[in-house]
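Next up, structure tokens for two forms of one chain, structure 1 and then structure 2.
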Structure 1
């Protein structure tokens, strides 16, 4: 909790620091800068529950704009793309094409753990469940991280569970179901 609070304070400090809106030439500084931007953007996606968006929409996002001096200073498209590429490497987003991308509010590994823990809680081990049933079924609720997430993300998490021997994934006619082991 303390860490989260410290992070928030740090982010607020950085967002008030004018050079933060210019990608620095110094390698080490740039690396840290991109990392911090990735965290800030990821938190922004989480708080606004953004699952899909594009670079052109991101240009108008307020966090990328600094109004400390008279004229607004914004990050341009190439700079935003650099930040998003870093996020894609960390698994936070996935590119659909050159402009559009989907957002993984929770990482696939986290999701996989959350699904297995839920299955254990609801005594669903040994039973088969559809992907829709996992995200929207009667046994799930809004408190769960996987609630109402896109099926692609749930499938990824299930594939991770399969890799770790905790489930089996079946596909029939484009529809997927899993058996938790």
Structure 2
């Protein structure tokens, strides 16, 4: 619960920080910024129950503009598209055509948080698990969001965990293992 509260507070701070509305040129900084934007946008979709929309509609979404400093800062269509493309790669949205897309109900970010919370609860931090072990293993009960989900979705969530420094993903002959850290 504290992780979710911390994340909400971080998002609120970021949305009130005018430089956040300028995507940075530095590759690693931009990657982290796009990841943060992807989380914020998906939470917005969930809270407003948006299942389908378009880039043109997204231009008018309040989270993409900040007026708190007296200077209007906002993301343009190409920056929004970059965020949405990242979300599509992670499975949060699916493009219908070059302008319209649908939103997945459970984001990889939620799955990542749920997997990590489960790993902490089961004292699996520092241990290695397979994707199947995460979704169907003896330590996983049917109430978990990730129970019995396709391994592709679990892998996407684990890649988010890896990007945020909470796990390492290993691949050998098309099989994946996850070390939770």
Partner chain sequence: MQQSLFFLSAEMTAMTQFNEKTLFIYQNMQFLDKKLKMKVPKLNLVITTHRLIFTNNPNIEQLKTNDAQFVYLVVPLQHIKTVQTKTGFLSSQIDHINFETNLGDVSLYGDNLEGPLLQIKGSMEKKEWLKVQEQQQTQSVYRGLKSELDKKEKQTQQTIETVQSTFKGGFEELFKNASELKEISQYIKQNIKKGENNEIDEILSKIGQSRLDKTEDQFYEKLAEQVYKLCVELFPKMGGIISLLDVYYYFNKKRNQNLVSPEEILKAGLQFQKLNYQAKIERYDGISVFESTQYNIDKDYENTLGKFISYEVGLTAEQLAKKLGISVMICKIKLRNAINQGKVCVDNRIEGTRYFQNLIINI
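Model, not experiment: these values are computed from the prediction. Residue numbers count along the first chain shown, from 1. Rigid core (definition): largest C-alpha set, two forms, superposition within 1.5 Å.
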item: Selected structure - the one that is the form predicted alone; value: 2
item: Rigid core superposed: residue 144 CA moves 2 Å or more between structure 1 and structure 2; value: yes
item: Per-residue C-alpha change between structure 1 and structure 2, residue 120, threshold 2 Å, rigid core fit; value: yes
item: Yes/no, residue 159 Cα shift of 2 Å or more between structure 1 and structure 2 with rigid core fixed; value: yes
